[in-house]
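A single chain, nothing else alongside it, follows as structure tokens in the form predicted alone.
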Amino acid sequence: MRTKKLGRTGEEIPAIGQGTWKMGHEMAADILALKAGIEAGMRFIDTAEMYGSEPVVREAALGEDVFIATKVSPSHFSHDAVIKACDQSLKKLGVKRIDLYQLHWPNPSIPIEETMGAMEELVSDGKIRYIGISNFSVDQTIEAQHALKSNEIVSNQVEYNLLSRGIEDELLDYCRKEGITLIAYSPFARGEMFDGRYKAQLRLLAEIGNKYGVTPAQVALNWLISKAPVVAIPKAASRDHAMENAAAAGFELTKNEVDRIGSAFE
């Protein structure tokens, strides 16, 4: 599995990890899918207290060398609530330390200085390793970074796919320049790109995919991770799906192909 640096740290994480939104309803199947992804090199698993999937991650990652990320909900951004939420996530995940702890969405009703003070306390106490954010704009990212005294924001998790390109206006370049990893969630636009409305674009993905012996979905994933600061976290519902996602990192699109795909979906 291809890896990328996490922010400005020396940490290497898989270019393609695993998302877990809506997991937990089919516990056994979800665990099998996550385990297959781990075996295939997708040893970065993302969850959140809001998802309710932390116990699934716990079972799938048991005994494995896995980089685990989770998120604290905006309603828990006060100092004491951050600490409590982290303690609960540690128990649900069955780990002594969370690799990446992220603020799930901005919450302007609670001072970011208070929230980040709690996050830095968690780092000092050894409960988390790195601090991340999610769904933050450029201005919100700058504000959050200024609120930190001794640590850096290493990542910003945002929706990014061929149909959702808003981060290309400003955030993508900002994170590239500042050394912040962009974690792309919903990399398949929740399946919308395959619902029949984008036939011409899918023909292009299939044409390029034939060159590498891969599927259109794998081309779409590879297009995302071709961007320097981007890693992707697709969700898989089965072992085969997980293996397909992992194999999307096994080839490299040319610049011309990246540009053609971007233009086709613009």
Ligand code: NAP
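Everything numeric here is computed off the predicted structure, so don't read it as measured data. Just count from 1 along the sequence shown to find any residue number.
A second form of this protein, the form predicted in complex with the ligand, is not displayed here; the remarks below concern that form.
Participant: E11: heavy atom within 4.5 Å of the ligand in the model of the complex?
Facilitator: Residue-level check for E11: no, no contact with the ligand.
Participant: According to a 4.5 angstroms non-hydrogen atom cut-off, is I167 in contact with the ligand in the model of the complex?
Facilitator: I167: no, not in contact with the ligand in the model of the complex.
Participant: Looking at the partner-bound form in the model of the complex, is D46 within 4.5 Å of the ligand by any heavy atom?
Facilitator: Yes, D46 is a contact residue.
Participant: Please tell me whether any heavy atom belonging to T115 falls inside 4.5 Å of a heavy atom of the ligand, as the geometry stands in the model of the complex.
Facilitator: Looking in the model of the complex, residue contacts with the ligand do not include T115, since no heavy atom lies within 4.5 Å.
Participant: Is it true that N222, F251 and K255 each have at least one non-hydrogen atom within 4.5 Å of the ligand in the model of the complex?
Facilitator: No, none of the three is in contact.
Participant: Out of the stretches listed (190-198, 107-115, 174-182, 141-149), which one is close to the ligand in the model of the complex, meaning heavy atoms within 4.5 Å?
Facilitator: Comparing against the ligand in the model of the complex, the contact stretch is 190-198.
Participant: Looking at M42, V56, A236, L205, which is the one with a non-hydrogen atom within 4.5 Å of the ligand in the model of the complex?
Facilitator: Of M42, V56, A236, L205, the residue with a heavy atom within 4.5 Å of the ligand in the model of the complex is A236.
Participant: Taking heavy atoms and a 4.5 Å limit, what residues of 132-164 are near the ligand in the model of the complex?
Facilitator: Sequence-ordered list: S134, N135, Q157.
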